[in-house]
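The form predicted on its own is given below as one chain in structure tokens.
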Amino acid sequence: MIKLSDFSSFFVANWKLNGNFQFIDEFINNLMLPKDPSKCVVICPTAIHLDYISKNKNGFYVGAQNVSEHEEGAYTGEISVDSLSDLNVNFCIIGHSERRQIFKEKNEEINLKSERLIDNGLIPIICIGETLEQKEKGITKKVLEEQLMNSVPSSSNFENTIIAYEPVWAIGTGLTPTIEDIDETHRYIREHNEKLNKYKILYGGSVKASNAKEITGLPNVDGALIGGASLKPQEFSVILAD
């Protein structure tokens, strides 16, 4: 398992259901990785491209976008953690809001998936975040506390797990919380539970070249989980350089 404390920050590209072999070749050729070795760069392509990008990676790590909570068996279409290990995958996004909202994943499933990853030496990137309705009701902290309490397994610690805060209403919308809101929320995540104090906590939700430096420069933000901007190698390179 990668030692998370070896890195100061993490930049995770979530390609979602995008990309093909030609795109991957062009992306790698045009990507400029940061000169700072303490910045960890993780690319998360579709599952079908994990093997290809693992064999062609150069200076970055590979992550999956999901994994099955089942180790093996009659589960058509699922991908086991053993399969990810065979492909030299080091990270896996778990509980992304699109998985929670569209595929109705529950905290308990996310907890079990994360535990499977940890047990097999992979780093789960556990996503949490509130919807617009929850934000407007003023229950953001209550929602986050429940997600953290029930999604993060007991085997988790700051060396084997990353937390990513992604307000659901900011993902793919172009909207972002204010810098003050991001700072306050990340501080709450880190300080409300002593166990989480040393965790790496990323911000996600419409991160782009124009705002990444200000966001990742906050004292309680340890990097970013990046969607649309990570599909543009030039823009992603600017984010990494900052």
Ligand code: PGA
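Computed from a predicted structure; not experimentally measured. Residues carry their position along the shown sequence, with the first being 1.
A second form of this protein, the form predicted together with the named molecule, is not displayed here; the remarks below concern that form.
The single option of Leu144, Ile118, Leu112, Ala170 touching the named molecule in the predicted bound form, heavy atom within 4.5 Å: Residue within 4.5 Å of the partner: Ala170.
Listed residue (Val207, Ile43, Val67, Leu202) with a non-hydrogen atom within 4.5 angstroms of the named molecule in the predicted bound form: The residue from Val207, Ile43, Val67, Leu202 that makes the contact is Val207.
Non-hydrogen atom contact Glu98 with the named molecule in the predicted bound form at 4.5 angstroms: Glu98: contacts the named molecule in the predicted bound form.
Contact label in the predicted bound form: Glu166 to the named molecule, heavy atom within 4.5 Å: Glu166: yes, in contact with the named molecule in the predicted bound form.
Contact label in the predicted bound form: Gly228 to the named molecule, heavy atom within 4.5 Å: Contact check for Gly228: yes, within 4.5 Å of the named molecule in the predicted bound form.
Stretch in contact in the predicted bound form with the named molecule, which is absent here, among 170-178, 25-33, 56-64, 194-202 (heavy atoms within 4.5 Å): Correct option: 170-178.
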